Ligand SMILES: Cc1ncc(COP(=O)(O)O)c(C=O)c1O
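Next comes just one chain, in structure tokens: the form predicted on its own.
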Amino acid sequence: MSKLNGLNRRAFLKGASMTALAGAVGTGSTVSAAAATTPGMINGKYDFDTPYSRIGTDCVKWDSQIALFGDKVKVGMGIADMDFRAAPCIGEAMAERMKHENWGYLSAEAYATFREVIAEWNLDRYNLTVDPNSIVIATGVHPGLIATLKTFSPPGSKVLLMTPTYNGFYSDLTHTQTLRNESEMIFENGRYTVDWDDLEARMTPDTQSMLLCNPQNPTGNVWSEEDLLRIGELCLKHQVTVLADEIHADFVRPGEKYTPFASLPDKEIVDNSVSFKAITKTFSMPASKNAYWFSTNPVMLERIKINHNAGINTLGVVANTAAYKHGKDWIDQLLPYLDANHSYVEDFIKENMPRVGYTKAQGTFLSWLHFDDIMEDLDVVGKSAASQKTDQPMTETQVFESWLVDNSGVQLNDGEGYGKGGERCMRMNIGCSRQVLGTALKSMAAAFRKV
């Protein structure tokens, strides 16, 4: 079995020896398991610093990567769900509901309550007024996006995306038999900006929809009101409907501002849009299968409903309702921890991995890393070309992903899956204990020093 800084990997991740772990990764943390008064809390505060194992729970982020790459995987830093214990209010609500040993259909009142707490969350945190009657509960953001694409973008038409962008969008295009229309963003001085001329040029008559991600996955951009208004004006001008995926809305760093598309000060622009949201990222429970979408345009709303059919899970509604009603303190304590993780990554890379390009994200719990020089030295182009003649063809970033696992034990998401502009990049999920994050970064740095 592989080792992690001298510790058995499974024992490490199960938190069997927190004191030894803290010394091994050198974070200076003095947290110990014994200090916790209740699971997931220390001295009355939520504990995000103690590693929490997910191995052996049929977890995509860990178990699926171990199944794919073998026991070489020491740290799973890919799939975008976090490695913290869930907010206690979620488990408590689910346990209470399970005392009733019948799983019949949910009442209309339960859905009405769910819509009300969704509206309250948006008003309290973002001063966004959403009519509860306009909220459509969905099994996830993807089913809502697919229903909307089916409504406005016929098979064979194009869908506009600003790339690199969320890789899951491409599966939505596959489901709707639509085609990608990629406007690659400009990367300059460590920041991504919109290529406005290219974006408008791609708003052709066969492009009826645009998938907009804010905060942006994977780059971490949080689009300003000015940027969103300009995008909205162009889309209105060219009769392109805006599909605003805002699932990372709750992860915005201090000093940055998330602007809901539905809050823009132009009714025509807002009426030409549909917003898609959830707190499944916020509370790391995507498998609860709950999300929602809404629009200020009642005609648009009714047209989309024709193509939308959600099968909602009872415990998912219970869990999400509890998070909206009682989870505020948990996420408010988590956000400074994640901000410190972002700073830790930026500082570590500057000091220990100078060949890796990275600028601290404005939002999300993701880091978008540039590996141009290292990939060139590893000849990922040649190795990818050679792999095309085998029964396991790989893209260039898949070649790098495999090399990274072999040489550091760290698994990241390959950048080419995020569209044009991702060919020399990888996505890293930093929603984890800083001890695990430090171990991953140190293992990567050691591997790069040998290149």
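Don't overthink the numbering: it's just position in the shown sequence, from 1. Note that the structure is predicted; figures quoted are calculated from it, not measured.
Unshown form predicted in complex with the named molecule; subsequent notes refer to it.
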For the named molecule in the predicted complex, the stretch among 102-110, 350-358, 298-306, 138-146 with residues bearing a heavy atom within 4.5 Å is 138-146
May I ask whether 80, 217 and 289 all come within 4.5 angstroms of the named molecule in the predicted complex, judged by heavy atoms? yes
State yes or no: in the predicted complex, is some non-hydrogen atom of residue 87 no more than 4.5 angstroms from a non-hydrogen atom of the named molecule? no
Contact of residue 166 with the named molecule in the predicted complex (heavy atom, 4.5 Å): yes
Answer with yes or no whether residue 281 is in contact with the named molecule in the predicted complex, where contact means some heavy atom within 4.5 Å. yes
is_contact(residue 159, the named molecule) in the predicted complex, heavy atom dist at most 4.5 Å: no
I need to confirm a contact call. Of 247, 240, 231, 211, which residue comes within 4.5 Å of the named molecule in the predicted complex, counting heavy atoms only? 247
